[in-house]
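One chain comes next, on its own, written out as structure tokens in the form predicted alone.
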């Protein structure tokens, strides 16, 4: 239980029982409530002073508590700010919650402690209207600068039908256009130095090198990048707001659209979080099938990155070869799931259906093709001297910088840290598989490529083990909250039929509580933090994506390089804008 963990005792000894209130959670994370006046001291202590410190700010979000019913003795709060910290040395998380009242929605900024908090605090201000005193530039980040209100507050409309008709008169359009104009002074940038005038260049939001609707404003001295300002939000669709209007079950297809190259990998983190909330254990067959499909999507996603990364630095042929291989994988996905990119195939407590007849041959064909082709791709891409010249020692970050800026996944491992949720916190039976965690040392564009390519090989190893050791059994748990529930018995007695009908139409009622589950997704650590108010829909769904913090590190990686280097850096990050903006 939470109260047996040393970290909670340590905090109580340091700050006193009156300032540290413990909360029990479904995920059994150590969770403490701290008064706003002591929030910064506690966070600073956890990062700098405690033994085996919590060096990474893994996530930062908020909850509008005003209409929540089941609070389980938690402190009075109209809005709660939630800090999620990660200690690599402990392999442990801690959740720090700060209660705020409606007439005092403000906290001190922690950007001076965790630089990655910059964007997270802007997001909380944007979505909830909570101010962070001392923030260097507290402004909207996902919504347009002219937006009225804060969308994740419970009193903000969730659908267009709850608002008036949209109108765009000429005066309003001109106002919107002016609001989008970049003013360097607002970002603390100079227009000139002692001996030259700086140029400001827009890259995007419509540019092939940005891989989507991303805008990067560059401050240039000739060809050299002096500073870079990423501008995101063009792809924001309100996924977390949608979760408040969908049942636990019907939200699953929406997760597919987050990292739209990750397919079932999006379902994976979400259903594991719901299953943690509900206490559902799934059969071994479900675990292995989930792993096999997820690793197929990891390869498919990495192939898109591999081909476009080569294309970003001038190679044309690789993208066609690798998309051809990706088509073979998507054909397997289509045969198993019925769809290719958005399969919506994982379910709460299991899968939509069992594997079809003949799946083994389809998977074996992919294994045979990929193992042979990867060697060819290595010759034409990774050994190419032009690609090496464009990527070696470009966009390098140290391990300390990566942790400071919330970097996870292949980008973190390229800095030398062997950290992978599949090994460090095995889920769905990953501890039963033999595979290695590839790492590199320089943390530059080339090393990030090396790590991802070796990850493809390791995923092939995992898939082969899945195929050879597929357990027998059913594809769904018999837990009463499994969704949709098993249909057996529905035509035999009216009680079972009614239960089945309600579970499918309204969805299951999840127990009150909170749970987080994170997985090793295609681009880094992806996780869902769920708050249930004992209802058929989520009270709060927080989607922690890897691409959001990765975008924030662009200035650090690109300052001092040139414009062509920026395109190589963007390609090496492997981001998806829907994963950034949600």
Partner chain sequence: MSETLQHIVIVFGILFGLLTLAAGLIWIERRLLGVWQNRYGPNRVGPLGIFIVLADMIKIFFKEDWIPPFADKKVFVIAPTIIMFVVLMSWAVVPVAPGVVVLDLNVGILFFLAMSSIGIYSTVLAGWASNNKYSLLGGLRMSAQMFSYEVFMGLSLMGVVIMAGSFNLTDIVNAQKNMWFVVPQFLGFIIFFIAGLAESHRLPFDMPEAESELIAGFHSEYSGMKFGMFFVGEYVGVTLISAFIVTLFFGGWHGPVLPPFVWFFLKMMFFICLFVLLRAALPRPRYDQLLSYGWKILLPLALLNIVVTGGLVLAFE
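Numbering follows the first chain given and starts at 1. Here the structure is a predicted model, which is why all the values come from computation and not from measurement.
There is also a form predicted in complex with its partner chain; it is not shown, and the following applies to it.
Novice: Given a 4.5 Å cut-off on heavy atoms, tell me which of 101-109, 80-88, 443-451, 216-224 is the interface stretch with its partner chain in the model of the complex.
Specialist: Of the stretches listed, the one contacting the partner is 216-224.
Novice: Taking 202, 384 and 565 as a possible spot, do all three reach its partner chain in the model of the complex with a heavy atom inside 4.5 Å?
Specialist: Checked in the model of the complex: all three residues contact its partner chain.
Novice: Heavy atoms within 4.5 Å of its partner chain in the model of the complex: does residue 241 have any?
Specialist: Close contact is absent here: in the model of the complex, residue 241 is far from its partner chain, nothing within 4.5 Å, heavy atoms only.
Novice: Might residue 187 be said to contact its partner chain in the model of the complex, defining contact as any heavy atom within 4.5 Å?
Specialist: The answer is no: residue 187 has no heavy atom within 4.5 Å of its partner chain.
Novice: Does residue 209 reach its partner chain in the model of the complex, with heavy atoms at most 4.5 Å apart?
Specialist: Because a heavy atom of residue 209 falls inside 4.5 Å of its partner chain in the model of the complex, the answer is yes.
Novice: I'd like to know if residue 314 sits close to its partner chain in the model of the complex, meaning any non-hydrogen atom pair within 4.5 angstroms.
Specialist: It does: once its partner chain is placed as it appears in the model of the complex, residue 314 has a heavy atom within 4.5 Å of it.
Novice: Using a 4.5 Å heavy atom cut-off, which residue among 394, 228, 363, 280 comes into contact with its partner chain in the model of the complex?
Specialist: Going through each option in turn, the one that passes is 394.
Novice: Scan 150, 390, 422, 290 and let me know which has any heavy atom within 4.5 Å of its partner chain in the model of the complex.
Specialist: Going through each option in turn, the one that passes is 390.
Novice: With its partner chain taken in the model of the complex, which residues across 126-158 come within 4.5 angstroms through any non-hydrogen atom?
Specialist: Read in sequence order, no residue approaches its partner chain (within 4.5 Å, in the model of the complex).
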